[in-house]
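The chain that follows stands alone, in the form predicted alone, written as structure tokens.
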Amino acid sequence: MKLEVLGVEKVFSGRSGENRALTPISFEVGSGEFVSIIGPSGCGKSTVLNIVAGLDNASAGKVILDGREVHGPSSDRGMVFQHYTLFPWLNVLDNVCFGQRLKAQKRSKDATFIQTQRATNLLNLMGLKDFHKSFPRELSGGMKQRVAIARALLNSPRVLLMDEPFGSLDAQTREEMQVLLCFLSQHEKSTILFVTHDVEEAIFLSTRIIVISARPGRILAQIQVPFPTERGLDIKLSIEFLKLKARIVHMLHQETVLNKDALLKNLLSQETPGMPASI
């Protein structure tokens, strides 16, 4: 598996003119990698993910997956959003199998049975063995997100795209989900492109981190995470982990300061009606 993002730009047009969200960015994701994209709020992290998913179009550049250019959504790319997007009228198992049920007429009974068995196994793997018949309203936030992840994994996508999937969870549940995702990525041998604003989360989960600048987004650095793939939460207390965290935080802080200085300079350069240009 090879995912290539080649010279992707994004410009939004509005009444006030053009708003450049992304300058040309390029990177690759190889088979089995867990790559996180991190950067300041509004830097275009989610925009990159939406373009890779085929949910949005690039203004320039292209995305190539296994030698084929991406044009629109496809089952070869699974997507997990921050909000759970579960159907409240369907139980847990039916939520996971929903996409496959839509294709049931094109599938044999054996294929449908196999998919249902895989959904069952995924839910059991995620600790939801006793909740197959439960409805979303009966689940906690972490449990709902486990269902959403199981649904995205059902088709064994070539790459799993995750847009701040733990952003709305409390700190303890978030760490539990991080440990679970580490386990799942190894068990399923998944390739994952993950967007987060949490530096610690990015380091704990990733094999590589792409740091994006403030808008318009550009790649500041690509950092290889020097830890084994099997990780426990205690690694967050190690000297190596804390040094890497400090390095990335410093990089983002410097970028934020530069962005604020540029904004202040721009504001001071503008004349206020009825007042002198400098006072």
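What you see is a predicted model, and the numbers here were worked out from it, not measured in a lab. All residue numbers refer to positions in the sequence shown, first residue = 1.
Below, we refer to the form predicted in complex with a small molecule, which is not included among the displayed structures.
Enquirer: Taking 4.5 angstroms as the heavy atom distance cut-off, pick the stretch from 25-33, 44-52, 232-240, 63-71 that is near the small molecule in the predicted complex.
Expert: Every other range fails; the passing one is 44-52.
Enquirer: Is His197 a contact residue for the small molecule in the predicted complex, using a 4.5 Å heavy atom cut-off?
Expert: Answer yes; at least one heavy atom of His197 falls within 4.5 Å of the small molecule in the predicted complex.
Enquirer: For Glu164, is any heavy atom within 4.5 Å of the small molecule in the predicted complex, or not?
Expert: Result yes; Glu164 sits at the interface with the small molecule in the predicted complex.
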